[in-house]
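Shown below, as structure tokens, is a lone chain in the form predicted alone; questions about how it binds or moves come after it.
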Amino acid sequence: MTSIISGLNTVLTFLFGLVYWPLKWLGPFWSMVALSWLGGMFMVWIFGKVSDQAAIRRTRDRLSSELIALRLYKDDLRIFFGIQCQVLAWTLRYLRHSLGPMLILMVPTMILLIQLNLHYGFRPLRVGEQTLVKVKLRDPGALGRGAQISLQAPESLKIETQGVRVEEMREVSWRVRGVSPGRFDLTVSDGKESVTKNVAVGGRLEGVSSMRTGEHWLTSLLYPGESPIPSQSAIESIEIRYPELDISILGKSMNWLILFLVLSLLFGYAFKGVLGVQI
């Protein structure tokens, strides 16, 4: 299963990179605007392909006529309440036609959000900036039995503390500091086998992998920046606590997820007519 997830992550990251690479030079904000426009258009296009557009169009037209009737017969309570029942019935019918396509849309939406989180969720460490490296073991009793967990890093990353063990959490943590810019690997060893984790210090906006994990196939899918840790390793995950990337808008910071959801919905609704899609 590990090899399947690794291959899937590689393919999805490569395909997303083909779109992302020419846009990353625009900077975090404008590249996110461009990706939101493409994402909104893509989702609307998929919705049009997987939904019954004729049925949605008929339902919307009938619902609109019932709403107009509500205004015309607002003084006749018997007719007014009868029309309200029709409005409810046609609204439920509209939801029935839309629910299935929305569920299908969840799959490409989650794939897109996972890739966006890889590129916009976190930023690299700055030179001189501190953070934590956290290693989690698979065996709950490993630390209690005196496991020799060690961390090795190149000169570009300084290890400032000894490993702090939390046996209840199966974790060992170190504080590290970025010394010089670059992308390189640190190595965690349990005394028998070693696992590497990529580290980013400085540089332009790139994909930043905050965690390498082999905990579960779904967890591994959520962190596509590096291949999953083999299941036979005593190390379950290696996490680097990168600072979150905040996108600046008019001097104020905004989380990428909020910005993407708002912009993609606006772009999708604005261009649905161009794509000939009823929503």
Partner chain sequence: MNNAMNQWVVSHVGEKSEVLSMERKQRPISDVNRGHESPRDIGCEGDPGIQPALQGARFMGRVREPSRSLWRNVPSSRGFPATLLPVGRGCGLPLPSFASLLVLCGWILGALDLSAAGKKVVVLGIDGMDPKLLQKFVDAGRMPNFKALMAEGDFRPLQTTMPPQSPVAWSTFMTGMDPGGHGIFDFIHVDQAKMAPYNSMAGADPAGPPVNLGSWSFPTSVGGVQLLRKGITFWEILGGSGLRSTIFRMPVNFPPVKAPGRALAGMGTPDLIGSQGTFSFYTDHRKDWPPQVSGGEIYEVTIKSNRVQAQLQGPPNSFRRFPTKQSLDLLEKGRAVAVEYESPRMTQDFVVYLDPKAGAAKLVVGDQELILREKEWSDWVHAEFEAIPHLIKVSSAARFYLKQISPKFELYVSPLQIDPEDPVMPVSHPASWSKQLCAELGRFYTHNIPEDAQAFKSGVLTAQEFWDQMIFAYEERSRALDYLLTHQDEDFLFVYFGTVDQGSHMLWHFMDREHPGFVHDDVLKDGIAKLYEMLDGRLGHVREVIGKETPLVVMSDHGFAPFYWEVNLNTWLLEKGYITLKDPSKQESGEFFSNVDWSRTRAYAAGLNGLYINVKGREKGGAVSNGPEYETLLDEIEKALLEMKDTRNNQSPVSLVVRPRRDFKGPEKDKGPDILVGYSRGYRCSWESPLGSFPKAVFVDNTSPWSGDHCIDYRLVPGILVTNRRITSQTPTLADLTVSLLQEYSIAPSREMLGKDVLEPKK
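Given the structure is predicted, the values throughout are model-derived calculations rather than measurements. Residue numbers count along the first chain shown, from 1.
Although not depicted, the form predicted together with its partner chain is the subject of the following passage.
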Partner-contacting position among 164, 79, 102, 92 - heavy atom within 4.5 Å of its partner chain in the model of the complex: 164
Contact test, all of 138, 190 and 193, partner its partner chain in the model of the complex, heavy atom 4.5 Å: no
Interface segment, criterion being heavy atoms within 4.5 Å of its partner chain in the model of the complex, picked from 102 to 110, 84 to 92, 199 to 207, 169 to 177: 169 to 177
Residue 218 within 4.5 Å of its partner chain in the model of the complex, heavy atoms: no
Proximity of residue 134 to its partner chain in the model of the complex, heavy atoms at 4.5 Å: yes
4.5 Å heavy atom contact, residue 185 to its partner chain in the model of the complex: no
Close approach of residue 160 to its partner chain in the model of the complex, 4.5 Å, heavy atom: yes
Heavy atom contacts to its partner chain in the model of the complex at 4.5 Å, residues of 215 to 253 in sequence order: 241, 250
